[in-house]
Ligand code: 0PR
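Before any questions on binding or motion, here is one chain by itself as structure tokens, the form predicted on its own.
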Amino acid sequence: MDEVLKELEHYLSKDIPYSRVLSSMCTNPHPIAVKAHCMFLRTNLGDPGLFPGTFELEKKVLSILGNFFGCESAVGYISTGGTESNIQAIRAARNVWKKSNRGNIIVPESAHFSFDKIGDLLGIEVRKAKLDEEYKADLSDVERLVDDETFAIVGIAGTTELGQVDDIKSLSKIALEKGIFLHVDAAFGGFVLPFIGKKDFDFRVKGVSSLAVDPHKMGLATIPAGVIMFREESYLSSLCVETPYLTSSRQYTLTGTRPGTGAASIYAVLKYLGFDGLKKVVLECMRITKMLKEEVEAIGLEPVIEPVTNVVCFKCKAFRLRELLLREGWFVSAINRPEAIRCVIMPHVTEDIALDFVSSLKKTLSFI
């Protein structure tokens, strides 16, 4: 056993420590999430009759989050993360709509690449609306793209590249007027925005039909732990298939076998830290984001937008700069609309780490 564990340690040691990573929207899970995860390693929510306690825990998590996001009657389940949640939301919208074999959805150009997968998997057209000057979905372009075959609109609450938030209220108005499903991808922003005073993206907005959030990002749960929630039971029911040989006769999830570790780790963090504790984590990330922005501005780089969440991007020759920073041991992203380096200030990015990064950035800029 020791030999096997030593070999595993060897491979694990090759992974990049989060202390040098400013490109990821994931982070070190909270210690209590890790303990909860380990406790539930043997569980399978795909066969809930064998694991009634774990299934009850999942329902408890859904109830807590439903209330938090403005709909105490919301239904859903713990998914593997934003990609699965987005697939299931659009699949449910399509299943309820089902007017023809075609159909299209409208997403902003800033939407996560999971929507390209959705188009391929479901055989639907994914129409991409232009962005306005603030890099939000251009509302007039969304309206222009809607036709009789449109069954869903998607808004993003915390875009992957810039952390920007679409105007969900206005998208809701369009959706209600047209009788169209509105899905909000808040995989990143769901556990950020409520803690900085922004609550106009979730079920409090009348037209929002479904919501995706990822507790394994700013919620400090273990990977994988996403959540998909629907306002109405009919959407969840539309996903059901018969499972006669299991302890439940029907299953509405995308994956069959599902670990209960996500439900356990989410619940553990919510009970231990509570929403007040998570707010402190978010506010500290926002403080460091603001500090990093000011420090980088002082050495001559301009932010693409004022940070809305704990993501900040700086205009520069990003792809060259990313290479130079990698030589210094830093992992940042490069985006191309506009060309900029992207920094995500997750809980593992302390003030000292941020200042150390700025020092390396200043050094590398002299080579461009």
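Bear in mind that the values here come from a model prediction, so they are computed numbers and not experimental data. In this text, residue numbers run from 1 along the sequence as written.
One more form of this protein should be noted, the form predicted in complex with the named molecule, which is absent from this view; the next part is about it.
Checked against the named molecule in the predicted bound form, the candidates Val107, Ala187, Met218, Ala263 yield a single residue with a heavy atom inside 4.5 Å, and that residue is Ala187. Residue in contact with the named molecule in the predicted bound form (any heavy atom within 4.5 Å), chosen from Thr289, Asn86, Ser209, Thr222: Asn86. When the named molecule is considered in the predicted bound form, Ser114 lines it closely, a heavy atom lying within 4.5 Å.
Of the heavy atoms in Ile156, some are within 4.5 Å of the named molecule in the predicted bound form. Mapping the unseen interface onto this chain, Met25 counts among the residues with a heavy atom inside 4.5 Å of the named molecule in the predicted bound form. Although the partner is absent here, Gly82 is a contact residue: one of its heavy atoms lies within 4.5 angstroms of the named molecule in the predicted bound form. With the partner omitted here, the stretch from 245-253, 210-218, 289-297, 134-142 that lies within 4.5 Å of the named molecule by heavy atoms in the predicted bound form is 210-218.
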